[in-house]
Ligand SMILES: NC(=O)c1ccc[n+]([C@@H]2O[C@H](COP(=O)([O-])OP(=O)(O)OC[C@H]3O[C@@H](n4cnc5c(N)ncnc54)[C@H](OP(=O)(O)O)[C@@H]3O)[C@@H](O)[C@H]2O)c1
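Below you'll find only one chain, the form predicted on its own, shown as structure tokens.
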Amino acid sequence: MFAAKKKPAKPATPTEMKAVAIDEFGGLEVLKSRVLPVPQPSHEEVLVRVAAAGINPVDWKTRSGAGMAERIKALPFVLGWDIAGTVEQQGRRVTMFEPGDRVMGMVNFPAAGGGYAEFVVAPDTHLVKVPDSLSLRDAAAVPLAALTAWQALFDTARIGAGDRVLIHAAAGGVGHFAVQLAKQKGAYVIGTASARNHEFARSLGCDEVYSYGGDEPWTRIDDVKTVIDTVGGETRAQSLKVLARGGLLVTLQTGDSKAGLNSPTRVKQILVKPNQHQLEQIAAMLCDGSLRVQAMAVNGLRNVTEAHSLSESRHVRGKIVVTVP
């Protein structure tokens, strides 16, 4: 008789990890490579080996001292809220995940996220399993942007079939999810985007697409039930003029000008919240192909500075992710 082969032992979790941290708020130069201790999960947390981290505007706004900076309790800290990877360890009260599971999530938001690292800890309720059909690279582009679009359209604006919805930056991170979700709800979707992204916006489901700018044709449309504002400033103020009676502008901007915010019955400013049930529904839609993600990758934590620079340019189609080899 042959003895049963033993499964190879799982390599021990390292005690140190590579990360990108900031010691102060400021420009790209404050992003510094560090070697830090691997965090340990509490009873209700999961330790994730990060495969990729998503880059969002709130990341570089926070790095500069705006965004979520006032919520950060101490420096230095590790930025990054969008992650995808594999479960390394779980706390003893965690039952929905086990080591080896592929997961994604918007972790620890709006406190210090910790995603720009080889490992991150997060509450189990901030994570969902990644569909087999979705790469971890693309999964890292999903949680914050897709949850923001979902909560803006459905929780706040409560859009329905036939509603005219204007989505600014329709080819961007939040925008490209918002277009698809609104269209699936039966809305008539109008988008703004740079000229090179008009065809992409139409492919997502936009019925009309216009270029940015205060004198562009979008400023002369009317009877819009909902505006999803991802731009802020004068674009937000101008957007109020196209709202129908009883319409609502949902703005996602933090730390920008107050233009257009003096109409509390017509404007709602929201901050995305972790929501496992919503993220599970989004994951199911990604699995069945009814929702798609557009992502471009920057390879390696050493290139987080490049990723921030690209995101700040505001000319990226979809989302940027940084792979963590």
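We number the residues from 1 along the sequence you see. Here the structure is a predicted model, which is why all the values come from computation and not from measurement.
As for the form predicted in complex with this ligand, it is not shown, yet the points below apply to it.
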Legend entry - Residue stretch of 96-104, 79-87, 117-125, 188-196 approaching this ligand in the predicted bound form, non-hydrogen atom distance within 4.5 Å: 188-196
Inset, instruction - Report yes if any heavy atom of R34 sits within 4.5 Å of a heavy atom of this ligand in the predicted bound form; otherwise report no. - result: no
Inset, instruction - Would you check, heavy atoms only and a 4.5 Å threshold, whether G113 touches this ligand in the predicted bound form? - result: no
Legend entry - 4.5 angstroms heavy atom contact with this ligand in the predicted bound form for V316: yes
Legend entry - Residue contact check: Q180 to this ligand in the predicted bound form, 4.5 Å heavy atom: no
Legend entry - Sole residue of V38, I270, A297, A66 within 4.5 Å of this ligand in the predicted bound form, by heavy atom: I270
Inset, instruction - Taking 4.5 Å between heavy atoms as the contact cutoff, choose which of K61, R49, R292, R266 touches this ligand in the predicted bound form. - result: K61
Legend entry - Neighbours of this ligand in the predicted bound form among 171-192 [non-hydrogen atom within 4.5 angstroms]: A171, G172, G173, V174, G175, T192
